[in-house]
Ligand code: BGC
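A single chain comes next, written as structure tokens; it is the form predicted alone.
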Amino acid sequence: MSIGLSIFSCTHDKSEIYKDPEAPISARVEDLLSRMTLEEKVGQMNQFVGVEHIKTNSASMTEEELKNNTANAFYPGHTEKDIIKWTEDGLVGSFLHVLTLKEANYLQSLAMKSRLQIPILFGIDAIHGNAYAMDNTVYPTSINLACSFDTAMAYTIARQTAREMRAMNMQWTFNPNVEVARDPRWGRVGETFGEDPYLVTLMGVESVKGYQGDFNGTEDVLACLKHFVAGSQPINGTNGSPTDISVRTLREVFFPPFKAGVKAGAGSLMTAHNELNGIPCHEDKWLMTDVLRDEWNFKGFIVSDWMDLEHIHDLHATAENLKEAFYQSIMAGMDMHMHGLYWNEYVTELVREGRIPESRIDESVRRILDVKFRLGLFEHPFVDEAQSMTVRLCDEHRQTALEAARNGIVLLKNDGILPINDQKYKKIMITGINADDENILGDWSAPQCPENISTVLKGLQQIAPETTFDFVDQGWDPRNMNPKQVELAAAKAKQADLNIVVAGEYMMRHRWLERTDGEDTDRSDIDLVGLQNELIQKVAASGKPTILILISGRPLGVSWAAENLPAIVEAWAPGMYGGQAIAEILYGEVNPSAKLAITIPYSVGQIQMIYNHKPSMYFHPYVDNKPSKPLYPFGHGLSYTTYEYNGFKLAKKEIAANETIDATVKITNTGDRDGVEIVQLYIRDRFSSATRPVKELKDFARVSLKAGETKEITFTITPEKLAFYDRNMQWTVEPGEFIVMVGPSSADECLMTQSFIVK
């Protein structure tokens, strides 16, 4: 293949500017665009699932099952042979659900047979590493990463993911997901960076930078900001259901991560499944054109989500037919269709009928071609299979996955039982659906080789080889637990020195219908599913100390455990080395440092439960003895050492609206272990023309402290951190008092306060 590439790049006709790698990209784009037929242009705007995906699902699914499935697809009335022919004819611009390098190279070879040899852009949901394909590094999920408050790690993971993707001839990740997650019933919480706009923004920006790099080489991939916008606060907690929220909330909460991602140079953006205030996002001109293009100056291309253009017609019913749906979406600003039939036919007709100007099609195709040139696909359409595994799963990437897992696991509760005393607890019973299962990888993970997965049981056996671990299997499916196995665990618990229950959700996509968490897996409750609570309570009834570990993508209201067990660890889905990292924390080899990036409510009845709520949120308390506070607040997380905050001061007591002010605090590690403390700074505008949250995260710092060490941390508060949309929706800093809070979590009792005046 390398010889063919050399011929392709060096012996082209000199008049074919688009084949000249030395020519400016803009000139290459215009030259190629001028050579394309209307059909070829429209084809560049269409994406299909891969041929192997089609073969598998056409053999196992019915057309009826296809209607509501958002993970698997085929095309009734068409076979993979039709897709092959369209690719050879240059009528396909992109593929998704291509999961092997062999297939990617094959499909690219088909595109090289086309008249203009425009390469394919391969997209994949590489959400926490390229985990949706086998034999890649599986990092902790995004919610884990957010709990580390480690923006540098976000960049590193994205950069390494890009390298592994390009080693598989994949160039476009449908990530980062920068939705602000404010409803734990929603199944996609785990692929977000949590509930705080500021934290989500910083994590999203670093991810974009990591994926795209210089955006001009063979180690870079195209980032995709998603899902625009507010699908993370659906009216009933289910993915794709309507969202009805004010423009103020959009601009204050949901827009900032997208706006910052655009400013960081994100090359693509995906619109949300839901309708927003009555208009499906996929045909919302205000979102796609007025805000994204005109207000934020977005230069990349916009892609639809899975079959959502079709849903403009068959679900939202704002278009009488599919052709009209395509028309409405394109004229609102859509650039690429994911995925399906009739696009090429109907869009070509719409242009020839004069309803869509060909110049509008050219706008979209320019954006798509620009990306393909930037990523070097015209010069490097293939990847050498023999070299692929020198990048994927390399030692450097594995070490990053382990370190990220260590930094993203939250110790929620510890009454002193942790770290485990291996001399005192020599016989440990371990049980639960997630005790020894690949589910530790999390959503958007393919089954991986067992030797590349450290489950909790494996991790414990590795870290404490002299301890006897008595494993009681509860299966992997929380909805179909065997009561006899629960009773067996209860009996074995009495014989142990210590018990560990590993509970939570099930997220693996290859058992799509059995999952309890993940994409399109939303719940009406946030309690543990099945017999898991019974298991915990019966094990604890043994009288022996019992530790709970949670593997999940969403916050779970484990109120009984919080009240009755001595220790709880929220591990989320910590990836391929999650078991080792959990064991290291349990045995004290790693001092936990993570803090919650999302609030954990007591129950579903508390929803919405967010830390940055408005002052009137709890003016009237619940009357059924349920607390008006969370089970665990945003920013909460324990350590094996202790930290003391003192000397909190502001550099000034009064500033002008355009000035900055420094806030300084001293942090001392008062324990006997080295540790990392995540220091959090919150601000409240005391009186304002429109109501403001009781507090908002405006800065944070990961501070490494040796035992006994003190460090002074300075935060600079800029006008941007004080500004908001006033009564007239003007972005401004209003005069008055601002309260500054510093501490280890968002809980009021944990915060030190000072205030200053803006003149």
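A residue's number is simply how far along the shown sequence it sits, counting from 1. Treat the numbers as computed from the prediction; the structure is a model and nothing was measured.
One more form of this protein, predicted together with the ligand, exists but is not displayed; see below.
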note = In this chain shown alone, the residue from Phe95, Phe174, Phe258, Phe634 with a heavy atom within 4.5 Å of the ligand in the model of the complex is Phe174
ask   = Between the options Glu677, Glu206, Asp125, Asp220, which residue brings a heavy atom to within 4.5 Å of the ligand in the model of the complex?
value = Asp125
task = State yes or no: in the model of the complex, is some non-hydrogen atom of Glu103 no more than 4.5 angstroms from a non-hydrogen atom of the ligand?
result = no
ask   = Is Met270 close enough to touch the ligand in the model of the complex, meaning at least one heavy atom pair within 4.5 Å?
value = yes
Touches the ligand in the model of the complex: Leu276 (any heavy atom, 4.5 Å) = no
query = Is Leu498 close enough to touch the ligand in the model of the complex, meaning at least one heavy atom pair within 4.5 Å?
reply = no
key: Listed range touching the ligand, judged in the model of the complex by heavy atoms within 4.5 Å, from 540-548, 300-308, 666-674, 600-608   = 300-308
Any residue of 516-552 that, in the model of the complex, places a heavy atom within 4.5 Å of the ligand = Glu519
